[in-house]
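The chain below stands alone and is given as structure tokens, in the form predicted on its own.
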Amino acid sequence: MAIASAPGRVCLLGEHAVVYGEPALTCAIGLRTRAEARPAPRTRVHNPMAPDSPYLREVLRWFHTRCPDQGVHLRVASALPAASGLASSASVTLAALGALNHEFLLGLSPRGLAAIGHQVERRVQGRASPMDTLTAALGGALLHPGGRRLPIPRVGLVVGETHVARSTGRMVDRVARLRGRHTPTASHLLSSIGDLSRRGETALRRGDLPTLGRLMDLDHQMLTALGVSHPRLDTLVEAARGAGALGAKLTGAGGGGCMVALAPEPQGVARAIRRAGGTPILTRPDSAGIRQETKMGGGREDES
């Protein structure tokens, strides 16, 4: 039996623009998915949050091309809310791949697993950026494309759930349509978001968290101009800023889901998010990507 885990992520800067070749900054967080793999007479999956997960179906399809006569019992537990902008699908995919890789001695590196995970996400979603699977595989703070390592921001993170359902594909298509109808304006916004990511890389390398926070605030404004925010996201972002967050923005595709705040005083920011009607999750940057575990646990390594 082997147990592996993989983190979720927040996007500090650059979502949507990364689809058009601009840079983006991601950071793994202490909310993880754990997966247990063990040989079995027939293949079966135990995943209470998503009993018929298309991501796990694709993972097992890939596994059976490598080990066609091998049955496996795959058990999954995740601390990540689904479809919320925290890359839960990449976390589930990479945790399962990591457990299979270790139990059946497949010999794949973290980057190799990330590449397979990206293929899985593309089959399920139709389109997907490799940044989520790279972050789940490698951990830490990364610059995309390519997954170059950056210093981890030494600050608390508070995620705020809006509980508004959203669709990554719908938000990506919305930006594509806007870019098609208003090419100069949309292209300028996307390139400006890319410039924020470049400046964010410099801020991270210097450990300049106030500047990183201001860049996050600007990024949220530009993403709002692209039409991918939501009134509930804007409310939680403003609440976090008013409670002392260095910066706050939506994370992921937008349209609902979650926001994230850089929070030197996480408890105060969490209270403000709760008063504004969101559900706060206190967490922190996580330097680890895929790793082996000794027990399944709950998948959460937060500060609450």
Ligand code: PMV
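None of these values were measured; they are calculated from a predicted model. Numbers for residues come from their place in the sequence shown, where the first is 1.
There is another form of the same protein, the form predicted together with the named molecule; it is not shown, and what comes next is about it.
Checked against the named molecule in the model of the complex, the residues 78, 129, 101, 229 give one hit for a heavy atom within 4.5 Å, which is 129. For the options 233, 97, 86, 196, the one in contact with the named molecule in the model of the complex, meaning a heavy atom within 4.5 Å, is 86. The stretch that touches the named molecule in the model of the complex, counting heavy atoms within 4.5 Å, is 163-171, out of 211-219, 163-171, 178-186, 146-154. Although the partner is absent here, residue 252 is a contact residue: one of its heavy atoms lies within 4.5 angstroms of the named molecule in the model of the complex. Proximity of residue 288 to the named molecule in the model of the complex falls outside the 4.5 Å heavy atom cutoff.
The closest non-hydrogen atom of residue 296 lies beyond 4.5 Å of the named molecule in the model of the complex. In the model of the complex, no heavy atom of residue 282 sits within 4.5 Å of the named molecule. Shown here without its partner, the chain carries 32, 36 and 45, none of which come within 4.5 Å of the named molecule in the model of the complex through any heavy atom. Heavy atoms closer than or equal to 4.5 Å to the named molecule in the model of the complex belong, across 5-30, to the residues 9, 15, 16, 18, 19, ordered by sequence position.
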